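Here you get one chain, nothing else, as structure tokens; it is the form predicted alone.
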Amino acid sequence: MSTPSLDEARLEQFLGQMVGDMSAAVGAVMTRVGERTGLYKAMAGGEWLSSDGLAERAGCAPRYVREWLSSQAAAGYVDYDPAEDRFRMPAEHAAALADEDGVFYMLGAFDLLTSLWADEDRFVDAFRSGDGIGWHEHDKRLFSGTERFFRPGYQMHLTAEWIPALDGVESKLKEGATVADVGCGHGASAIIMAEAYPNSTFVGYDYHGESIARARQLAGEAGVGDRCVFEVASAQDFAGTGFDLICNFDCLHDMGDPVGAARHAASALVPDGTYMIVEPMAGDSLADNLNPVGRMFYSASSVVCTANALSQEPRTALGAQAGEPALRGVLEEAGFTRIRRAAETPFNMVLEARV
């Protein structure tokens, strides 16, 4: 067998890319450690600290903290002053790493990543067999990580931009409307809406019982449990009707029967009610999505979104990068005739549909 000639410059460039990927992968473990030990929060004030000083503040072992800080400085997560041998976290980085209630917090995604590593053997088996993997079959950190990853974006955009972009919906919510959040997971989106629109009532549906239990707990803690309730039901068979607004947040593409889900939503709306579909941002073709965000979404979709869809009949696997034309096709087949893109962010597109 002949050996093909190699472009050494291209090979060197690719090996460098792989080293960067390996660095990011092992660095993700350090990010988890930084969150779980409180090291990031201990640096959130922005002052310069020695490694021993940070260790004392966070209640951690100094030698471990020294090595961890070195990794964080190499990653650019913290600043390093070689003259004084000390470290600090810029305020901009603290917003993403230390402010758990802030709209820029990113560390929830690392729960999700941890769950994917834990389920690696299951993914290999599924790739070989073609079998699906139901959402409920994953490592439990997928559920908490998904809620923690998406919640800051919903806090930033949902009531400030997305709902106002829908035709006439915000005024209904202010006056008093009935809303269904279908595929609600831990209920972050429903709770955010309930807090913003106290005259309206909200029902969250999800087939995953553990997520519904957690959503009820979080609604109670937020003080909205009297008008934000959660029920175990699938998108194709939830029992409620007469909704002014039905929402799917980052979940329609996960379903094995998205047309059935959209058709059931259409039947549960009041006349001229609104169906809001929030989906991952994607271009219309694979070539449009060959970028870091596309890489992230295609990767997660391979083992979470597509896998769940393949576990449910009729196994229609849209994937997380379905794009607007494919989503429009689902909505049209379900009977919606007025469809438009109402809003978008770098991570999401928001479609508004009416029958």
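The first residue of the shown sequence is 1; numbering continues from there. The structure displayed is predicted, hence computed values, not measured ones.
We do not show the form predicted in complex with a small molecule, though everything after this point is about it.
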Checklist outcome for this item: Only hit among H157, H208, H264, R216 for heavy atom within 4.5 Å of the small molecule in the predicted bound form is H208
Checklist outcome for this item: Picking from D111, D250, D244, D99, the single residue whose non-hydrogen atoms come within 4.5 angstroms of the small molecule in the predicted bound form is D250
Checklist outcome for this item: Of the candidate stretches 281-289, 79-87, 227-235, 114-122, the one with residues having heavy atoms within 4.5 Å of the small molecule in the predicted bound form is 227-235
Checklist entry - Can you check whether F202 is within 4.5 Å of the small molecule in the predicted bound form, heavy atom basis? => result no
Item to check | Partner proximity in the predicted bound form: Y105 to the small molecule, non-hydrogen atom cutoff 4.5 Å | outcome: no
Item to check | Close approach of G183 to the small molecule in the predicted bound form, 4.5 Å, heavy atom | outcome: yes
Next on the checklist: Contact with the small molecule in the predicted bound form for Q312, defined as at least one heavy atom pair within 4.5 Å: yes or no?
Outcome noted: yes
